[in-house]
Structures are given as structure tokens and as C-alpha cells.
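First comes one chain, alone, set out as C-alpha cells in the form predicted alone.
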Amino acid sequence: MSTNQKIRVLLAKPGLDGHDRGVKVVARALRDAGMEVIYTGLHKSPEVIIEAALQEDVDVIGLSSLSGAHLALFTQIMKLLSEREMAEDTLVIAGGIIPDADIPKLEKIGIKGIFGPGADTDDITNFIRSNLKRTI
């Protein structure tokens, strides 16, 4: 991947969570920061999310969950990412309603950044740029 290409970010809402205001705010902020953002929309399965990430050749996957199913869904997504041999090259971040007790569990499965409600979008943008798996 050329170093002058835009950072490509896939934002996804896995499971039955029907609330997407926060992820849309993040999508706009990342676009405003010069990133290319693909938003999969609501109610996507882990398989659909990983297939989209593969097809779109993304650098970052951002997962958003407000439903409480984040541990099961994010674990499945990380498993599929690994099976597709994409885990080493893809930065995965998460946001939404995630209890503090679950953060170490998500970090253990490979999610690198976790952002709760009210997170500063500049912090998210800077985290992506600082932790990207390729040189920009």
C-alpha cells in the first residue's frame, strides 16, 4: 500500500443494536480528518463485517455496540479476522457502551482502542494515526 493513500476505515454495527448516532458522528469526524470511511450500516453479522473489510482492503475496523452483546460479537469478529489472516495488518477499535470490567477482555482478544460515550473524536483520529499498522 502506498504511503500517500488515505487511511481506509470500516465502521460497523454488529448484531441487533439499532442505535447508530454515535458511529455516524465518528464517521463524519474521520472523513473530516481526511480518512476514507466505509459504514456498513446496522445489524451486520461478524461474517459480513469481515467480508466487507477484506473487499474494501481497510486499514482499520471500528466496531460499535450499545446492545451489551459486544463480548460475543467482537470475539467472533476477531476470530474471523485471524482466520482470514488479516489480524496482523488491521487495527481494530471499538466504541459504545462497554463496561470497564470488559475492557481488559477486549484488549486480550486484540482490540487496540476502546472509546466510550462522549469520547473526543480528535482522540479517536489521533489514536488511529498513532497505531496504524502501516506507514502513512
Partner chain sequence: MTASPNKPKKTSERKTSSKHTELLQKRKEWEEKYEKLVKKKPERLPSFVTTSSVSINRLYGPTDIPMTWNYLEDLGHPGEFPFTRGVQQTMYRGRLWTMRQFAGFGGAEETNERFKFLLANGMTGLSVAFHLPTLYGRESTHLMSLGEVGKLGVAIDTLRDMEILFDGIPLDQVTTSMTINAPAAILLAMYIAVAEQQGISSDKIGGTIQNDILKEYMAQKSYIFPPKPSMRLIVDTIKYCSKKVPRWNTISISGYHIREAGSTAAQELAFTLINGFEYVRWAVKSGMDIDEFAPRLSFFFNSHNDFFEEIAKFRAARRIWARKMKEYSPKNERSLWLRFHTQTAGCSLTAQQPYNNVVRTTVQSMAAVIGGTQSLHTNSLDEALALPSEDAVEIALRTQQIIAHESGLTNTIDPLAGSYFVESLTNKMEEEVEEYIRKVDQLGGVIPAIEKGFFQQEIANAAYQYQKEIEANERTIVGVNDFAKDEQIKIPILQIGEEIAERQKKRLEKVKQERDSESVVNTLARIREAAKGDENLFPLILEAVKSYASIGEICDVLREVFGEWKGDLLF
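All figures in this text were calculated on a predicted structure; none of them were measured in a lab. Numbering follows the first chain given and starts at 1.
The same protein has a further form, the form predicted together with its partner chain, not shown here; the description that follows concerns it.
Residues with any non-hydrogen atom within 4.5 angstroms of its partner chain in the model of the complex fall in just one of 29 to 37, 78 to 86, 53 to 61, 107 to 115: 29 to 37. A residue is said to contact a partner when one of its heavy atoms sits within 4.5 Å of a partner heavy atom; residue 73 meets this definition for its partner chain in the model of the complex. For the stretch 15 to 41, the set of residues having any non-hydrogen atom within 4.5 angstroms of its partner chain in the model of the complex comprises 15, 16, 17, 18, 19, 20, 21, 24, 25, 27, 28, 29, 31, 32, 37, 39, 40, 41, in sequence order.
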